[in-house]
Every structure is written in C-alpha cells, then in structure tokens.
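What follows is one chain in structure tokens, specifically the form predicted alone.
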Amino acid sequence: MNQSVIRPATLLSLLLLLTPLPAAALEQVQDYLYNRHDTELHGFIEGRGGVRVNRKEDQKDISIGEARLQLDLSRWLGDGELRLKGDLLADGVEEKLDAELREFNYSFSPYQSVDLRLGRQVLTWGTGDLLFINDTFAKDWESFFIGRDDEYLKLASDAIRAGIFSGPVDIDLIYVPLVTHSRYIDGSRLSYWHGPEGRIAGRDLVMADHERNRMFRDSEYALRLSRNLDGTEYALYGYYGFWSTPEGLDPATMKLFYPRLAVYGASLRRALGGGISNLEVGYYDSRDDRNGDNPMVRNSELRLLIGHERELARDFTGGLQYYLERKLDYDNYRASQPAGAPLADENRHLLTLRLTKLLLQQNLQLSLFIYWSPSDQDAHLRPKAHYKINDRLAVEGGANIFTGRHDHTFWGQFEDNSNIFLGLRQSF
C-alpha cells in the first residue's frame, strides 16, 4: 500500500494549532495598521487533514494534509480601495510549500454611475447553488473534491471589470487579457476516467495540456445585462473565450487543449412560494466542433437550471435544483465515437438537495448537499458540520462521498477518491 508521508504540513500544522502566538502577533499588527495607516487586516490560520475512504494503489492514502495562513488587507487610496489577499500553504500531500495571490486589485468609481475594478479578482455571477451555467469563470475542482473550504472552489483571474448603473439596465463588463484555466482532475492527486485507455487512471497516467498563453490573444470577454422589475431580477449573459477545462484532445501529442467557446444565456430570480426561485439557461457554442462530429472536442450543449430554496422550519432551510445538459448534434457525436467506447447520454439530468440546520444558538451548522444524476446513475454527497467554539475559533468536519454504477460517468469516475476531512481555523 502506498503510504503518504506528511513532512512540511504536519510540523507547521502542529505549531499553528497548538499555540495561539502566531494569531496573537497578527492581531497586534492588525491594530497597528488600522490605527496608524487606516488599513484593515483580516485573515485566518487553519490546519486541515483528511483520509480516503477507499484506498487505491495509484493515489496516496492522505487526501488532504495542510496548514494555511491567509492575509486579507484593504486600504483606501485616493478615491478607491486597494485590496490584497494572499495565502501561504504548507501542503503535506504534495510535500511542498506554496504561495497564492488570490486578490490584488483596485476598485474606484470614475463617475457616479460607473464602478471599475482592475487586477486580480474572483469573478462570479449566475443563480445556481454549486451549479454553474453562465458562470464560465475558472474553478478549482481539486480543492472542492478534497475538502478545502468552499471559498477555494473559485479561482481568481487577472481582469478588468466595469459596472455601469444608469439607463434601463445595469451593465457588467469583464475583460480577461489572458484566459484563466480551471484546475481540473488530471490524476496527480485524484483519479479519473481516462477515455483513450478505457480505465480509471491516477498518478500512473497524469494528463498534460496545451495551455493558452498568448496575452491579449487568448482572452476572455463576458457581459451581463440585468434589471429588477416588480421584484424579479432578470439577466442576460454573453461569454466569448474558451472552455475553462480542457475539453479537447490532440491525438498527435495525446495532450489536452482548451477549445474555443461562446455562451449565450439568461436567468431570472424572484420570491415565490415562501422562498426564492430561480431559472437559468445557457447555449454553449463549441466553436471548434459546431457539427458535433469531432470525437476529440466536446459537443455544443444546451443547459437548463431550475431551483427553489425556502425555510422549512425554524433555523432549518432546504433547497432543490434540477439541472439539464443536452448534447447537441447527438447523432453526429454518436457516429464519430470509436467502436465499443462508452457513450454519453443525449440528456444528462442532475438533481441537487441542500439541507442546512442551525443548533446551539446557531453556533453549530449541520449541512448536507447531494448531487444525484438519474441518467448517469451516480452521485456525490457532501455532509458537513461547522462549530464556532468562539468568535475566532471554529472546527469543521465533513466528507466527499462519490458513488456510481459506471466508471465513465462524471461522479462515478471519482468513487475511489471518497474522503473524510477535519479542519480547525483561528480567525483574526
């Protein structure tokens, strides 16, 4: 059995979790910056550990083992706000120390009805709960599946964002000079279905890709038009860029690549039936496979999302969503696939359920999020418990459970990656 030896993260986690001195020192810096320089500093120190439920030879037994320090600094400069957020990470699974700049941007209003934000920032919009149609911006699926905080599902992009709030509709414009790719499951840490070999692969077959790296040529453009009318929020979306995950395969090099993509969509959200309901649609124009007959590039798709969330009882809420991916040009897709290859369904149906209960004067939060696909016959369960020990210290535990009848379906391929995790965070 392949055992994981946690070196840097184990030592640093013990130091951070067994003594309050690092947080206390940071609180002194926090007070000094606020009183002397009109600067706010927040952040946290966190340790997380987790293990796999199913042990496999091609992956380490430890799913997550890390210590993290996040610093979040903001200061008013002139007529705008400078924001800097970064993480220092000791990762014991990959046995390395790392740093990540999550935000570094400047926000200001050159005119009363115009807001600008320049620099590294997290981009998000749409109406789904952990389901995304018109939110085509980069995600970190690896973090999401190993038990990091949900904050780390979204990756930051180096972008220019403009909001214009005059006239009949609000306008949101985004320009990313160099596309930000999602962090996908490539086998280096989590196993996946490898279509060309027809098997589950892991560290024995880590996929490589051709990154888009031409500044001002491999760019992303996004537009959102919105208006609130009689209590209903309406929105139209447009996106021009690339698939955020590598949905193409170059047969000559056996490397993945990022095909061109355009997305056109709409959404609405309003109070209904004692809760909030939402509807969202999107047309995915796979511009490198518009006929659907290229087996190496993902087909164009039509996507639909219907959701409703409401309070079921005191301190108890529930939410349901129905999601559809309809593969267009399905006959061409089916004819182009190699003989014997497993075929995706024309329609992929997905249902989600979220239940959240607050207890102990709302200091304890119990939650369960379930993805279930009746068409693929697979599921992903995310139970979680979060307890606030005091205003600054919290403990969290949970699991990622994957199950499926077939290895080639979306959730079924991750069955060997099921894991449980535990974390302790001290905020300041």
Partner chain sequence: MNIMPTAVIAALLLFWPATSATAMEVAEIVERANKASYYAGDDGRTEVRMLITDAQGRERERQFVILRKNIEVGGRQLFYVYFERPLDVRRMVFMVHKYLDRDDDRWLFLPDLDLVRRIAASDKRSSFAGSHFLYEDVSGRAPVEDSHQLIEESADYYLLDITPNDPGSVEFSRYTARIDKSSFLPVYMEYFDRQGQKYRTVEALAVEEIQGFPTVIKSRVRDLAGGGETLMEFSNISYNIGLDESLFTERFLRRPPREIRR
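Since the model is a prediction, treat every value here as computed from it, not as a measurement. Residue numbers count along the first chain shown, from 1.
Keep in mind the form predicted in complex with its partner chain is missing from the figure; the text below concerns it.
> Quick one: is Lys56 in contact with its partner chain in the predicted bound form, heavy atoms, 4.5 Å cut-off?
Output for Lys56 is no: heavy atoms all beyond 4.5 Å of its partner chain.
> Can you tell me whether Pro168 touches its partner chain? I mean in the predicted bound form, with a 4.5 angstroms heavy atom cut-off.
No, Pro168 stays farther than 4.5 Å from its partner chain in the predicted bound form.
> Might Arg161 be said to contact its partner chain in the predicted bound form, defining contact as any heavy atom within 4.5 Å?
Flag for Arg161 set to yes.
> Taking its partner chain as it sits in the predicted bound form, is Arg217 near enough to touch it, meaning that at least one heavy atom pair lies within 4.5 angstroms?
Flag for Arg217 set to no.
> For the chain seen here without its partner, which of 281 to 289, 184 to 192, 198 to 206, 106 to 114 has a heavy atom within 4.5 Å of its partner chain in the predicted bound form?
In short, 106 to 114.
> Kindly confirm or deny that Leu123, Glu311 and Asp391 each have some heavy atom within 4.5 angstroms of its partner chain in the predicted bound form.
Judged in the predicted bound form, Leu123, Glu311 and Asp391 all sit within 4.5 Å of its partner chain.
> To verify the annotation, which of these, Trp76, Tyr221, Trp141, Tyr322, has a non-hydrogen atom within 4.5 Å of its partner chain in the predicted bound form?
Exactly one residue meets the criterion: Trp76.
> Exactly one residue in Glu100, Glu233, Glu94, Asp250 has a non-hydrogen atom within 4.5 Å of its partner chain in the predicted bound form; which is it?
Selected option: Glu233.
> Which of the residues spanning 276 to 292 lie within 4.5 Å of its partner chain in the predicted bound form, based on heavy atoms?
Only Ile276 sits within 4.5 Å of the partner.
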